[in-house]
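Only one chain comes next, encoded as structure tokens, the form predicted on its own.
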């Protein structure tokens, strides 16, 4: 069905819903690359006006990607909860924006609404929002998950300790892990991207982290971010797997480009659950996403990159993950050109993920050929901290020497916690205090003593 909007003396026609959503999106290089972006600012305003007047209920029956051809579309349609959707079913997209921003709309109301929202609804309303709107609503949403600690509580900011090494050298990885721990990082997960995706490397790294965690009773979880099939084989060999990692996309074709489907993810989740390694919870999945992934695989079906990204969150939601994060600037300037586009995308992803009930973190990052720098990352990190982001990355020096991109450092996380009065996960914070790594004001101790000093013995 075509959507028509008259703006001044010009009549704009948007042939279908996917065209309307694409033209309403904030400008970004990926949509321009795909030929989906609005041709002018005036066309973008017209599309947003038409989108604001569209009944939210239209999205219940909408299929941006055909139901018969795509298992992600089937997942979205088959799991939609009409009863949960009922409180907002009569609203337009514009009225839904106002409802989300209203003081009367509480954290509890947003949690109850989550099963009734489709990704396309979340994407649509985000396109009508300024950055401050995305922050204000996301801040009201609370998503709490547990495995060996409690992640996502209000007033907390967790950190994934990311000790990657270009040759998977155990000593280099261990040194980075200790550096992160001594700076109060690692409560989200100690997660390594392996340079070599094979069972032997994955198992060796998992055993090294697990030995360190068990020896010092560190209340966190470990993950080697190998392909899900590698992790499945590692589980079969008896590896100490806490979390199963996988990159995911918003269409069946995008997931096929990652070598996965929903059945494989279910098999992996069942395998991890069978190990019963969580001490206080059973959330065993860790997913990463990123705007442009479906477009880069030619698996976007003519859908704008932000809406397609949000569809990936439906995949994540189906598996009750401990952690999800958007690696927002990682794919490159072909999809998010500069710091402004990366900032907007990071706030969109965080908002949409939390609105759909996910424990949403963001890898605040950029590639070296993007028109961005660490000042842009400082800005986005601060905005996400205000928005209640679940966790960010902790990379030695903010420079990942294995993946060759720029992220946030251990010290950046300390800045965000101090500036915004945020603390680590409660169990992890108690451990940091007991070890003498933090003082009672949450500051890193200048001199290590006692058990903290003996942690250095963990180096291979």
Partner chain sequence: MSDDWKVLADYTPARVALGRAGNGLPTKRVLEFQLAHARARDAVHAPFDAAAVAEALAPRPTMLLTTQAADRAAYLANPDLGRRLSPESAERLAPGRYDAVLVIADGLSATAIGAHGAALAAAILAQTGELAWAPVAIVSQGRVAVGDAIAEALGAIFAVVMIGERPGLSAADSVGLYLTLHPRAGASSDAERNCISNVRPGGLGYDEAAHRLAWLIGAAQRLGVTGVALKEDAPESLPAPQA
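The structure displayed is predicted, hence computed values, not measured ones. Positions refer to the first chain, counted from 1.
There is another form of this protein, the form predicted together with the partner chain, and it is not shown here; the text below is about that form.
No residue of the trio 52, 120 and 313 has any heavy atom within 4.5 Å of the partner chain in the predicted complex. The partner is absent here; in the predicted complex, the one residue of 276, 130, 266, 369 having a heavy atom within 4.5 Å of the partner chain is 369. Scanning 114, 201, 142, 105 against the partner chain in the predicted complex with a 4.5 Å heavy atom cut-off leaves one residue, 201. In the predicted complex, at least one heavy atom of residue 170 sits within 4.5 Å of the partner chain. Among heavy atoms of residue 405, some come within 4.5 Å of the partner chain in the predicted complex. Contact annotation: residue 77 falls outside 4.5 Å of the partner chain in the predicted complex, judged by heavy atom distances. The partner chain is not shown here, and in the predicted complex it never comes within 4.5 Å of any heavy atom of residue 426. Looking at 342 to 350, 87 to 95, 359 to 367, 231 to 239, the stretch with residues near the partner chain in the predicted complex, meaning non-hydrogen atoms within 4.5 angstroms, turns out to be 359 to 367. Contacts with the partner chain in the predicted complex, taken as any heavy atom within 4.5 Å, map within 372 to 390 to 372, 373, 374.
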